[in-house]
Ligand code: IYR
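Next up: a single chain in structure tokens, the form predicted on its own.
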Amino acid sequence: MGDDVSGEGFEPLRTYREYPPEEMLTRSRAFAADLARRRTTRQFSDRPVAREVIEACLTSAGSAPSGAHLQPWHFVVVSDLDLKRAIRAAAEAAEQEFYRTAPPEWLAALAPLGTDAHKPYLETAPYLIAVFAARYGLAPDGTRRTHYYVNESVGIATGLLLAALHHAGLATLTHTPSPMGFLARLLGRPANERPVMLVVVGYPAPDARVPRLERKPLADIATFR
């Protein structure tokens, strides 16, 4: 027996669009080629970006599947300069402690990327998007509602967000200061939400440079059985 989808809570699938096999291959390869251009940058321009673009990309993120369709994510978009400065100050304080105490092998792994405790892009880029995971839901009467597969759901949504921002023509950086509890405090988020990362968004600086890196080939990341 399969899943019961005959109840009143279901409706016919009307949004699926099928393509001829040749077009399917063309579309999939074009999408892969476009995403292959995506690079993380740490040098951003302060050029403004229309809020409507960010809204559309967040709408794409919100289309992600989630455990029991509970959508356990929240995105806080920060463009206020004073707030960005406060986030930068708190993040750099956390990063200074990290670089002081991190295991040598971790620091060695980061060395080819040229990272350090200074994060000027947190102030320069036009937008910071703080990603929060709702560990549990809250009913109107304050009772808790269990959320399922929170990490997986938020991870998928964030991946869609990064793809959407790249597709729109923007550069991104995922930043995970440790610890990052200051984000919940500065952004006034409730106790049931846990900060996951900052997504820095904007145009790359005209002189932006990125490390020479190679992505693993398909044979190393996928197995067909």
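These numbers come from a predicted model, not from an experiment. Residues carry their position along the shown sequence, with the first being 1.
As for the form predicted in complex with the ligand, it is not shown, yet the points below apply to it.
Original post:
Does Tyr149 reach the ligand in the model of the complex, with heavy atoms at most 4.5 Å apart?
Top reply: No.
**OP:** Check whether Thr176 has any heavy atom within 4.5 Å of a heavy atom of the ligand in the model of the complex, and answer yes or no.
**Re:** Taking the distances in the model of the complex, the answer for Thr176 is yes, it comes within 4.5 Å of the ligand.
Original post:
Is Ala89 a contact residue for the ligand in the model of the complex, using a 4.5 Å heavy atom cut-off?
Top reply: Contact check for Ala89: no, nothing within 4.5 Å of the ligand in the model of the complex.
Original post:
Is there a non-hydrogen atom of Tyr127 within 4.5 angstroms of a non-hydrogen atom of the ligand in the model of the complex?
Top reply: Result no; Tyr127 lies far from the ligand in the model of the complex.
Original post:
Would the ligand be touched by all three of Tyr99, Leu110 and Lys119 in the model of the complex, meaning a heavy atom each within 4.5 Å?
Top reply: Result yes, every residue of the spot touches the ligand.
Subject >> Region of this chain that lies against the ligand in the model of the complex, out of 129 to 137, 91 to 99, 69 to 77, 149 to 157 [heavy atom, 4.5 Å] >> reply: One stretch meets the cut-off, namely 91 to 99.
Original post:
Using a 4.5 Å cut-off on heavy atoms, what residues in 45 to 67 are near the ligand in the model of the complex?
Top reply: Sequence-ordered list is empty.
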